[in-house]
Every structure is written in C-alpha cells, then in structure tokens.
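Have a look below at one chain only, the form predicted alone, in structure tokens format.
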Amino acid sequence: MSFAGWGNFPRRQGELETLRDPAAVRRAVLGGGPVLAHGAGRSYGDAALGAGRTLGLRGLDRFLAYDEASRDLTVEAGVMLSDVIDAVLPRGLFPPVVPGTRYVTIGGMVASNVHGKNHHVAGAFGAHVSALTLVTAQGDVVRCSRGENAQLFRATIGGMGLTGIVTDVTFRLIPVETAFIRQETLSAPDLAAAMRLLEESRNRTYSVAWIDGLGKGGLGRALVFRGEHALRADLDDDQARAPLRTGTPPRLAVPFHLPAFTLNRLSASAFNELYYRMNARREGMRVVGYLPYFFPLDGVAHWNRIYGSRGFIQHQCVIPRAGSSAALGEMLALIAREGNPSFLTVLKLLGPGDAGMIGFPMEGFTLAIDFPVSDDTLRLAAALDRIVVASGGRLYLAKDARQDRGIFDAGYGEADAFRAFRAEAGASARFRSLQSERLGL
C-alpha cells in the first residue's frame, strides 16, 4: 500500500501495522528492525513515515485516569484530541494547548510538542505534560517526568517519536465557563502593522494573524484575531441555552484531489481578496464557537485535496524577534514576486522556548505558508530556508518534508546532543523515520 502525511508528499510504500495495546507495542519494538509510531497522520511531511515498519497507534484509544483535584488527565497515546474535547468540554474543561486541527492524537502532540495561538502565554503542549510512559529500544516500559528519567522525558517532548514509543500521557486541563470564544478582529494594512498588533496582544490569551501572502492589497496585509474564553455573561440567549456544547463534525468535504489547474495565482488571489473583505467587515468584538476560532480548516473534511494529487508542503519557520521584521518582509516579498499560489499564510508570536532538545518554539515570530508541490515551489522553499538560517531561525519538524541536514543543524543548537543521546540509548538503530534519515538523526 501507499501512504503519506497530511501534505500527501512524499508518499511511502509499505504497511501500516495497527497495534491495540501497550503489550503489542513492546512486542513490535522487540520484533527486530527499525520501527516508528504513527498517529492520525496529520504531520505534513515524512516525520511519521517509518524507515522500516510503521506502527499505527490509533488502537491505543482508552481514557485511563482523571484527578479532579489537579485536573490531570491520563489517556493512551492514540486518543484523539477531538475525543478529549468531546469528553471534557461539557464538564467545563479544555486542553491547555491546541494546534490548528483537533484531528491529532495526544501521542502525536507530545512527539511534535505542538503549539497553539497561546504560546506567548502558555508555552507548547509539552509544558503541560506532567508524565508519560515510553517503550524504549530495549523494550523497557519507562515512566518519565521532570523528576523521573528527566533527560529521557526532555528528549521525548518534541523528539518526533525518535526516543521510543509513547503509550500514555498525563497532562493538565484548564477550566472554562463556556465553549465560546470572545473574538476581536482587527485589520492591518501591512506586515509591520500586523506584527505591532501581535506584540500589543501579548497580554491576551490567544492571538493569530492571517496574512495575504500574495500582497495584492499591500505587502503583509493582514487580519488579526484575538481571543479569550467567553464567560456565561458574554453569551446571547441562543448561545446560553447550551453554553458547553461541543459542536458537530464538518458537513463539507473535498471529495477528490482537485486538478492542478484549479489552483493558480488568479484563484488564490481571488480567495485572499474575498477572505480579507468578508472578515474586515466584521472588525470588532463578537462571540464565536470554539471550533471556528481554533480549528477553521476542520470545517472542510479532506481540505488537503485542494492542492491536487502531487500534494503540498508547508514552510513553517520561527524567526527570533530581533531582525524578524526584515527577514519576514524579505520572505513575503520573495513569495509575492514569485507568485506561487497559497490559500494559507499565518503569522503568530511565540514566547520563550520550552521543553525539548529539538523542540521548535523559540521567542519570535512564526510564519506558516502552504504551497502546492512543484519544482518551482521546492526551489522557493529552499530560498526561504536561506533567509531563515541567516536570521537565526529554524523550521518546524512536524510540517517539514524537504529541508536538508545543513539547514536543520544551523537552526537546532542541540542537534548533535540529540544524536548522541539517541546513539547512547540505542534508539538511533531502532526508531527511524524518513525524516530522521534525511536529517541524519
């Protein structure tokens, strides 16, 4: 069979073995040859494609424990974030950090140390993980936390599944009064204004900017969305009838890979113009459901098919705050000049880096841009890489499908330490992905 990450690039031939309990995970690890855990397949590139056997963990889907006093929830690694939200939100609880989709596994969130729109105040998901259980290269079942096997814990947070296979995770939930978000929409005429608005939003819980990547209305024309968990007093009569409702699955879907000719500069420009005008008209404060605020793309099932059968790449970098204005401006100018179509360009402000030897977040601005796969866009992505490295930044491994080892090593200061740790633990021979082979990890 052939399978791939969310970007449908690259594709790999092989079998995806489904495991259903921790004992099966241990037998698989001891079965010989390299293995790699695979969750919901939402990492974009080759991070979750095994160089040997790929082990699907969606069968590890049980809720194990909940401590009401601490709000610590323990679930198996294959539990979906959507299932966690469905279970806890009606009880007035919410995950501390969520990425841009709820269709990820909790194990995958640990492996990628995902961040959300609140990184500047809450850090990444790993900052809220109190403990996890890992099957090591020797088949040992090890409990890890900041006080127990601390080095292995730190290497595993954001370690892209390369230190062992996580079988369960304990993390802390946050209390909420409602399932709604008090959203404030602001428009920005250019990149400098968008960055200034995000800086001014540092005391807000959530903030994110959508950027017009083709620059028709001005380079970096943007919409900034600030958010706070709404209180019951913020809701209108209809919302107040079910203040903790979880929402419904998407009703729209892209039924097949669209032909390549449907995505071009003209169609992308038209979409960006329409999106900007529709949302600019809604400037100001309004109360919205948590689904459209946190997971707008989940509203259309299989949206990745918009980019056609060759798939797409996402170039997501983080640039340190010093020098970020010049670097991001250079990147957007290059993208606009090349005219490569993109429906999605997102800018966020990250806080200080946190747990993880090869964790992505660092204090600065992160820019994410989708491109359909083509020779031109791969060349453009490589040119963007050089701007990132020159400014002291790095690329997000969960979105990566093509950076080379030189770019990776330049951005991740603990790359060699991570390699040494893996070698000493016997993990480099046992846990291998196409990405780890490409980056020499």
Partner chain sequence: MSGQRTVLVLGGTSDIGFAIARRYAEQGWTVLLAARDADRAERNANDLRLRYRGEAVAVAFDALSLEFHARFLDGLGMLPDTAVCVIGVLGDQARAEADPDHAAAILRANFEGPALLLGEIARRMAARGRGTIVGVSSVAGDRGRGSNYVYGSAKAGLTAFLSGLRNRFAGQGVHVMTVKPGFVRTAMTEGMKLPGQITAEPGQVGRAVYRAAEKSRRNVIYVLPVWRLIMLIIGHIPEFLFKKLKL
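Keep in mind it's a predicted model, so treat the numbers as computed, not measured. Residue numbers count along the first chain shown, from 1.
The same protein also has a form predicted together with its partner chain, omitted here; what follows describes it.
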Picking from A383, L30, A390, L64, the single residue whose non-hydrogen atoms come within 4.5 angstroms of its partner chain in the predicted complex is L64
With the partner omitted here, the residue among D212, E76, D354, D370 that in the predicted complex has a heavy atom within 4.5 Å of its partner chain is E76
In contact with its partner chain in the predicted complex (heavy atoms, 4.5 Å), from 80-88, 99-107, 356-364, 161-169, is stretch 80-88
Check your understanding: Might E424 be said to contact its partner chain in the predicted complex, defining contact as any heavy atom within 4.5 Å?
Key -> no
Can you tell me if P10 lies within 4.5 angstroms of its partner chain in the predicted complex, counting non-hydrogen atoms only?
no
| said: Please determine whether R20 contacts its partner chain in the predicted complex, using a 4.5 Å cut-off between heavy atoms. | reply: yes
